[in-house]
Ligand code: DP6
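First, one chain by itself in C-alpha cells, the form predicted alone.
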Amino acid sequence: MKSSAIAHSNIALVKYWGRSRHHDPSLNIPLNDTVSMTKYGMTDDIHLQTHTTIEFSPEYNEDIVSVRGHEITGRHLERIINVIDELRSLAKIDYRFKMMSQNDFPTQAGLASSASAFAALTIAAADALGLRFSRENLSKIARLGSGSAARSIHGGFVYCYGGNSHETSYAEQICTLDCFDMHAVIAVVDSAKKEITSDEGHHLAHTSPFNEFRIEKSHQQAQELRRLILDNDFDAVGAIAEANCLYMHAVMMTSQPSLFYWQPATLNIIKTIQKLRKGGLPCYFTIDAGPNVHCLVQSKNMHEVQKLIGQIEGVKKTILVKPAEDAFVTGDHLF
C-alpha cells in the first residue's frame, strides 16, 4: 500500500482570503470562488513541484511524517492527518502510515507550497489506499489540508467553487495548459518563511471592513475570468487579476492586527510593471500572501520581462513559469 505523486503549485488570478465562519474550520470552505493557473517552473532545477511518497502498513505503530528531511509536528501535522483520516475512513482502513515529501522551491514564502504539498499528498494517499475518485472529488479532499490545494489537483487553468458545504466546494479545470497564452515571471524578493502563515492569516480576514466587498467582487470576477480565459483575452484577464490582488492585500492591511507582506522591492516591481505596460509591453502583476511578485506575461514577452524585472534592486532571482499538467502518480519513490 505504497504510492508516490507529483503536484505543482498554482497562482490564483482571483484569490480567496478567509474561511467560512458558518462551517467547521477543518473543512477550509473558501469565502468565494477562485480562478488559478497551475504553474511549472522553467528556471534551473525549480519546477515548483512537490514530490510525495506514502505507505500504509500494519507494521507502523504511529504516523511518521518527514518533509525535506525534517520531522513534522504541530499544526502542519494536524493538516496532514486531516486529509489522511478522511481517506482512511473512505477506504475503511485504520493502518498507520509513513510519508516523505520534498519540494524544489521555498515554503511559506507566498509561492503556494501548501497547494502542491496537499495535492501531491492526496493523489499519492488515495492511490496507495486503492481509492479511485474523480479529480473533482480528489480536490474536495485536498482542500481539507489547504484551500488552494484543491486547485493544484488540476493542471492548466482552474475554477474552484467556494460552495456552502464539503460536497459543493471543489475545483474543476477550465481548460488545459495549452488553451490560453499566459506565462509568468516570478520576482523573488524574499524566500524566507513569513512570520504569519496564510493558515493563520485566513482567521483575520473577517476583521477587515473591506472583506465583504472583496468577497462580492471576487465572485463576479471569477465568473468573468472563466469566460475571458476561454476567449483568450490576455489583457482583460491580467487587468482583473491585478485588481483582485489589490483587493486581497487591502483586506490584509486593514485586518486587526494588520498584515503587511510587501517589502520595498515589491512596490518597485509593481511600479515597473505599470511603467512597462504604459510603454506598450503587456504585463500584469499578482501577489499571493508574501512579498514575491508574479509578473503575468504572454510567452513571446517572457524573456524580455524577465530581463527588465531582474534588474530591479531587491530582486534576488527570477523564475520563468508556464502552465503545468495535472497532478499525477509516479513510480519514483522517495523511500
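The first residue of the shown sequence is 1; numbering continues from there. None of these values were measured; they are calculated from a predicted model.
We do not show the form predicted together with the ligand, though everything after this point is about it.
(message) Just to be sure I understand the contacts: of 211, 169, 198, 103, which is the one whose heavy atoms reach within 4.5 angstroms of the ligand in the model of the complex?
(response) Among 211, 169, 198, 103, a heavy atom within 4.5 Å of the ligand in the model of the complex occurs only for 198.
(request) Name the residue from 28, 292, 49, 53 that puts a heavy atom within 4.5 Å of the ligand in the model of the complex. (result) It is 28.
(request) Determine whether any heavy atom of residue 139 comes within 4.5 Å of a heavy atom of the ligand in the model of the complex, and answer yes or no. (result) So residue 139 does not count as contacting the ligand.
(message) Please tell me whether any heavy atom belonging to residue 151 falls inside 4.5 Å of a heavy atom of the ligand, as the geometry stands in the model of the complex.
(response) Yes, residue 151 sits close enough to the ligand in the model of the complex that at least one of its heavy atoms falls within 4.5 Å.
(message) Although the partner isn't part of this model, could you tell me whether residue 219 comes within 4.5 Å of the ligand in the model of the complex, counting any heavy atom of the residue?
(response) Residue 219: no, not in contact with the ligand in the model of the complex.
(request) Using the partner position in the model of the complex, report whether residue 248 sits within 4.5 Å of the ligand, counting heavy atoms only. (result) Within the cut-off, so yes.
(message) Suppose contact means a heavy atom within 4.5 Å; in the model of the complex, does that hold for all of 16, 114 and 202 with the ligand?
(response) The answer is yes: all three residues contact the partner (heavy atom, 4.5 Å cut-off).
(message) Only one of 179 to 187, 139 to 147, 91 to 99, 120 to 128 has heavy atoms within 4.5 Å of the ligand in the model of the complex; I'd like to know which.
(response) Partner-contacting stretch among the options: 139 to 147.
(request) Let me know which residues along 59 to 93 have a heavy atom within 4.5 Å of the ligand in the model of the complex, or say none if there are none. (result) Sequence-ordered list has one entry, 79.
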